[in-house]
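Single chain ahead, by itself, as structure tokens, in the form predicted on its own.
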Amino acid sequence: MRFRLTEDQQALRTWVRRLLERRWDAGALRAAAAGPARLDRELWRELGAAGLFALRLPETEGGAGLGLPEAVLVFEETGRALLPGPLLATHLAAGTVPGAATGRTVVAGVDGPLVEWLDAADAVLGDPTGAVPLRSADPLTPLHRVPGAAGGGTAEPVAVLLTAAEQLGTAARACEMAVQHARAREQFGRPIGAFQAVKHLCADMLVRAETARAAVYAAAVTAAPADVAAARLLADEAALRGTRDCLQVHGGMGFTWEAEVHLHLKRAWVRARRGGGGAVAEEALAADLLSGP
């Protein structure tokens, strides 16, 4: 199976990355993290106008008519940029909730006992009755808990796969930041990347991210539940371990508000709880393996 991107897919990824670099750069990220979480409605409408939410809608319904592979590329870029907001719920609601496709309507979704961005939402998928605010580890992802809701999550395959794509973006960005810092930071008259311990950390981050990339891209092509579950597990591991290793490379600097490393780690923690977390993916993968040919 080949995963080389087509010219159109490469152009889509480049275009999304440039859009996010223009509208959501490091300065905007740090400014947003310094205050209470607030959804940028203007940016949301711009994302809708750019087609992010209507990406998989048929052209006859006003969408771009693209598929899961293209949606994975876009969500990988939003994960890499650490873009906040209920992107996944709004994307999934395009075509069913009026205004979601264009970004005019912000949609949140009940995911097991948790709801992201409930206060900012115009519409909610699921029943959030009785939801109470919950202190979130990620300053840019406000959470509510729904009392009495089942803890297993919905584990809808497309939602799981696009979450894995966001985790992949975080893993790739963490690897980039670690390598950049290892090249620039000097100790004992040498870049810290010259020391074996730092080299091994960066190499391990790259291996985990590229392994997760192959699994996520494969699952986007096959859409098989077992492939999606495997992609989720590998992407969660790449994001969580990658951001922790990136913190190690940065040392104490990585914990400061001037660095964005800790923000990636906190977002990875929150995403890892979606859809019942890795336990649901492990059960799905185990059931598929035991079913046998």
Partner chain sequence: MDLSDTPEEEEFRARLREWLAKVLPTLPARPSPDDWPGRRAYDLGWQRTLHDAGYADVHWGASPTTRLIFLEETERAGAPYVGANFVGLLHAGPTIAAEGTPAQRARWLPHILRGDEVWCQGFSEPDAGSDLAALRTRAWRDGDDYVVSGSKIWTSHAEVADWCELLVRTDPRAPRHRGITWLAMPMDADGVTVRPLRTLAGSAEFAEVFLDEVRVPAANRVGEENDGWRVTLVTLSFERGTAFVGEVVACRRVLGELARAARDNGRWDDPVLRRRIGRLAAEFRALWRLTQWNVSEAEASGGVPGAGGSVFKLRYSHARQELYDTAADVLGPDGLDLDRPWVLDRLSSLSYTIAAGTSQIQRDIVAERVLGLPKGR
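The structure displayed is predicted, hence computed values, not measured ones. Numbering follows the first chain given and starts at 1.
What comes next is about the form predicted in complex with the partner chain, which is not displayed.
Picking from 53-61, 224-232, 36-44, 253-261 the stretch near the partner chain in the predicted bound form, with a 4.5 Å limit on heavy atoms, gives 224-232. The putative spot formed by A214, A218 and L289 is fully lined by the partner chain in the predicted bound form; each residue has a non-hydrogen atom within 4.5 angstroms of it.
Although the partner is absent here, A272 is not a contact residue: none of its heavy atoms lies within 4.5 angstroms of the partner chain in the predicted bound form. Not displayed here, the partner chain is kept clear of P98 by more than 4.5 Å at the level of heavy atoms in the predicted bound form. In the predicted bound form, R208 approaches the partner chain with a heavy atom inside 4.5 Å.
The partner chain in the predicted bound form comes within 4.5 Å of no heavy atom belonging to A137. G193 is the sole member of G126, G193, P113, P157 with a non-hydrogen atom within 4.5 Å of the partner chain in the predicted bound form.
Taking A120, A182, A149, L143 one by one, only a single residue has any non-hydrogen atom within 4.5 Å of the partner chain in the predicted bound form, and it is A182. Scanning 63-77 for heavy atoms within 4.5 Å of the partner chain in the predicted bound form gives just one residue, P69.
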